[in-house]
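Next up: a single chain in structure tokens, the form predicted on its own.
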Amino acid sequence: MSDESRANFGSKIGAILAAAGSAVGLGNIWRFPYQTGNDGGAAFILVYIGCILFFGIPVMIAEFTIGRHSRSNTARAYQILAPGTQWKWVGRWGVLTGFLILSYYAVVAGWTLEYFLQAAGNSFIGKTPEQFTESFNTFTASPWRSVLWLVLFMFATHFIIVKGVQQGIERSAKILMPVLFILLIIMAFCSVLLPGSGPGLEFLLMPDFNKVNSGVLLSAMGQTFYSLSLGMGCLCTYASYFQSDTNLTKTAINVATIDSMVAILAGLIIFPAAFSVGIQPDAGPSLVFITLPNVLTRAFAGLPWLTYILSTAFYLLLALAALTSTISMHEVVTVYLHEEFKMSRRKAAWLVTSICGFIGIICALSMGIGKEYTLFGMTLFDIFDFVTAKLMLPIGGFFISIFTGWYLDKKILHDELNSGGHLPVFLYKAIVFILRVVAPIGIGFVFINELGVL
């Protein structure tokens, strides 16, 4: 074990909310709805919940075990648990993955601030669908607007990180996560009450199992991986701050439940509203920034004040969700530099903010003035997204499962899972089996599918 004086979360609820905040992000609020729209509605959701139970939670438990037992950053954790082996590269891979994702994720996170300002300025009222598209394209092509919001978002993340584990990460999670839930519930309630929202609710809640096929299964598994932030070191890092009596299995279940509830509430906001005005919510990444403003203005056309309130609230909660994720990714790299290179926490945070901010600026510009510079038909932003989401995350998750299922001393896994409560033997054996067999095979299929081979 590493130094026992290392910072810990001050409470169990703080640990759960911080870990949930790491998982909850843009993927829950825009990626989940359009995946659901593309892959069969309620049937996709049921398959997704199954993947959470039999795929996501066990891998999350594996990351929690590695992080809590090592009491160290993600990179050093594997050196502690497997000294003198090449497993150390799995931890370093996670740090690199978190670093790269933060660099381009902050670009989209910055967009939420722009749209929050537009909503707060009441600029959505009276726009046509074509004007929403033109507005988005003009904004992303601007050489300074997206850069400005990116920088501001990085500074907001930096401010929380330098405050430390309890005063920064935990305190922010205790504030941001409840606010996010309150906003989601209010917006979902308003959307469900819209005239003509019935078909949207039926699509979301009434499964048609004829739509379930191998493609839906793979999509659900991929969404599970993406949504729970598996394989990028965030959960492992946060688990290193867990107290010794934190029940890892219950914490993983609580985090997965919160994460899934956010995704389903996002669906309750988007589907009823979209169906009420005859719009299919399967517009991909443009759903949040082009389709949804159009949906809100048309759905509440007779109540412009309600359009104003709901659109402002939505982009506020989107910004909050993005912030909880950028905090966790920033922390992965910050604590790595702090512990491995003996930097002060403040200096390490500044280094991460500066380098990720610089890379993020280049990614932002690649969508505007630099969009003609491509590689394999992709801009720099697209390359970062492809390499991290479709290559690095699945590879990281695969080796985490192999390491925990096959290499890690089973006494360590057993003791960690029984800390804070007794885990039934059959459940322990099920988790080990999933980590040894089910998760590696499932991740392998997701990896192949994401590459377009299947």
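In this text, rigid core is short for the largest set of C-alphas that superpose within 1.5 Å between two forms. Owing to the predicted nature of the structure, the values given are computational and were not obtained by experimental measurement. Don't overthink the numbering: it's just position in the shown sequence, from 1.
Separately, the form predicted in complex with a small molecule exists; it is not shown, and the next lines address it.
Asker: Although the partner isn't part of this model, could you tell me whether F384 comes within 4.5 Å of the small molecule in the predicted bound form, counting any heavy atom of the residue?
Answerer: No.
Asker: Contact with the small molecule in the predicted bound form for T246, defined as at least one heavy atom pair within 4.5 Å: yes or no?
Answerer: It does not: once the small molecule is placed as it appears in the predicted bound form, T246 has no heavy atom within 4.5 Å of it.
Asker: Do L26 and the small molecule come within 4.5 Å of each other in the predicted bound form, heavy atoms counted?
Answerer: Within the cut-off, so yes.
Asker: When the contact criterion is heavy atoms within 4.5 Å, does S191 count as touching the small molecule in the predicted bound form?
Answerer: S191 lies outside the contact set for the small molecule.
Asker: Of the options Y315, F271, Y105, F300, which one has a non-hydrogen atom that comes within 4.5 Å of the small molecule in the predicted bound form?
Answerer: When the small molecule is considered in the predicted bound form, the option within 4.5 Å is Y105.
Asker: Select from the listed residues C363, C356, L150, I101 the one whose heavy atoms reach within 4.5 Å of the small molecule in the predicted bound form.
Answerer: Of the listed residues, the single hit is I101.
Asker: Is the small molecule in the predicted bound form near all of C234, S325 and M329, within 4.5 Å of a heavy atom of each?
Answerer: Yes, all three are in contact.
Asker: Among 138-146, 174-182, 221-229, 198-206, mark the stretch whose residues have heavy atoms within 4.5 Å of the small molecule in the predicted bound form.
Answerer: Selected range: 221-229.
Asker: Core superposed first: is there a CA shift of 2 Å or greater at V95 between the shown form and the other one?
Answerer: False for V95: its C-alpha shift is below 2 Å.
Asker: Any CA movement of 2 Å or more for Y48 between the shown form and the other one, core superposed?
Answerer: Yes, because once the rigid core is superposed, the C-alpha of Y48 moves 2 Å or more between the shown form and the other one.
Asker: Any CA movement of 2 Å or more for A75 between the shown form and the other one, core superposed?
Answerer: Result for A75: no, shift under 2 Å.
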